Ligand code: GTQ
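The form predicted on its own is given below as one chain in C-alpha cells.
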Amino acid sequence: MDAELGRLEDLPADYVAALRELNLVPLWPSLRAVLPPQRPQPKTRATHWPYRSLRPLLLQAGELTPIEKAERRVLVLANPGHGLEKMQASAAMYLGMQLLLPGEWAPSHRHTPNAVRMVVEGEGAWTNVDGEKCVMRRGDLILTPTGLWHEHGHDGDEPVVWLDVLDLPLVYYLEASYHINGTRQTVKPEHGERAYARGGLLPTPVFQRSAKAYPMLRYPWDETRAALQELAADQPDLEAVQLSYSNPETGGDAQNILGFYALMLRPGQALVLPVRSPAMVFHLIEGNAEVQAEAQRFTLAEADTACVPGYSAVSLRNGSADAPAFVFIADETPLHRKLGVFEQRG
C-alpha cells in the first residue's frame, strides 16, 4: 500500500510563494497524479459520435460558411474527457468530419502533423497529395503524411464527407505544429495503388530506387474489402479477420505515429480484444456493430465513430446474423512501440 504523501496546503504559504517566485514546484503533492499506482488514469473517455446526428450539422456548416472562409470545413469530434476546447479524441489522435461541396476547392497547404482521410460518403471529390491525384470513394483510406503538399477538390454533384485522423495533439504538445500555404499542384501521372496493387509484388528498382518515404497514398476500399473476405474464406477458424494498412516497400506501418487497420466481423461474431495501452478509434464502414468499453456500450450504425481509452477491456459484436460488418480502426500503437511503453495485458 502506498504511503500517504504530503499536500501542498500542508506547506507554509511563504515557502510556497518563495518556490513560485523561482518557478519551482514541489513534486510530492502531485506525484500520484502523474505516476498513479498500477495503471494509468486516462483523460480519454469512451465516446460515440453518431453520424446520423452530426451529418445535418455538417451540411448546415456548408450553408453557413463558404469554403473561402473556412479553408477546411470540419466539425471536430472532441472527447469530453480532454475538454472540448482541446479538440482531441485521445492523447495523440484528432478526429474531424470534413465536408466538401460540388465545385469547391480546399487550397493547397502542408503541415507537420500526419493525416489520413477515411471517405464516408459521396462521389466526385479528390485529394491531390504531393502531385498524386487520389479519387475519393466510400471506404477509401488516403494518406497525407507530414510535410507533403495536399489540396482537396470536387468535380461531382453531391456532398462528399470524410473522416480526418491526425496526430495533431501529439505534434501540438511537442510545440512542432505549423502549416504553410501553397498554390495549386501540378498533377503527376504516378498512382501508388496501381504500382503496388498485387500482394508480394513490388516494382523492381533496376536503375534507381524510389526516394518516396510513402510510396502508396491511396488504399481503395474495394481492394481492402475483397482482401478481408478472402482472408475470412481462406482461414475460417481465424478469430480476428483484420488487415493492417502498411507501407508496401518496408512492410511497416503506413505512417509513423498512428496505426490503421480494417477489421471484418463475421455475421453474429463477438470479439473480445486484448487489453492494450493505446487508445483506439472505431469507424463503421458497413453493417452494424456494437462496441463495449468497460461498462459503456455503443451501437454503431454505418459511418458512426467511437473512441475508447487505452487499458480498457473492449469487445465488439456484429449485430447482424446474416451479413458481415466492416470496421476501420485507428490507434496509437506505432507511437507506443517507438516510445517503449506499449503494453498488452491478457
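One-based numbering along the sequence shown. Remember, predicted model here, so these are calculated numbers, not experimental data.
One more form of this protein, predicted in complex with ligand GTQ, exists but is not displayed; see below.
Novice: Can you work out whether Gln98 and ligand GTQ are in contact in the predicted bound form, taking contact to mean some heavy atom pair no more than 4.5 Å apart?
Specialist: Output for Gln98 is yes: heavy atoms within 4.5 Å of ligand GTQ.
Novice: When the contact criterion is heavy atoms within 4.5 Å, does His154 count as touching ligand GTQ in the predicted bound form?
Specialist: Output for His154 is no: heavy atoms all beyond 4.5 Å of ligand GTQ.
Novice: Is there a heavy atom of Arg138 no more than 4.5 Å from a heavy atom of ligand GTQ in the predicted bound form?
Specialist: Arg138: no contact with ligand GTQ in the predicted bound form.
Novice: Would Tyr219 sit within 4.5 Å of ligand GTQ in the predicted bound form, counting heavy atoms only?
Specialist: Although ligand GTQ is absent here, Tyr219 would stay clear of it in the predicted bound form, with no heavy atoms inside 4.5 Å.
Novice: Just to confirm, with a 4.5 Å cut-off on non-hydrogen atoms, which of Glu193, Asp130, Asp253, Asp164 contacts ligand GTQ in the predicted bound form?
Specialist: Among Glu193, Asp130, Asp253, Asp164, a heavy atom within 4.5 Å of ligand GTQ in the predicted bound form occurs only for Asp164.
Novice: Name the residue from Arg266, Lys86, His109, Lys188 that puts a heavy atom within 4.5 Å of ligand GTQ in the predicted bound form.
Specialist: Filtering the options by heavy-atom distance leaves His109.
Novice: Are Tyr94, Arg117 and His150 jointly within 4.5 Å of ligand GTQ in the predicted bound form, each by at least one heavy atom?
Specialist: The answer is yes: all three residues contact the partner (heavy atom, 4.5 Å cut-off).
Novice: What stretch, of 269-277, 109-117, 78-86, 255-263, brings heavy atoms to within 4.5 Å of ligand GTQ in the predicted bound form?
Specialist: Looking at the other structure, the answer is 109-117.
Novice: Would you give me the residues of 56-90 that have any heavy atom within 4.5 Å of ligand GTQ in the predicted bound form, in order from first to last?
Specialist: Those in contact are Arg72, Val74.
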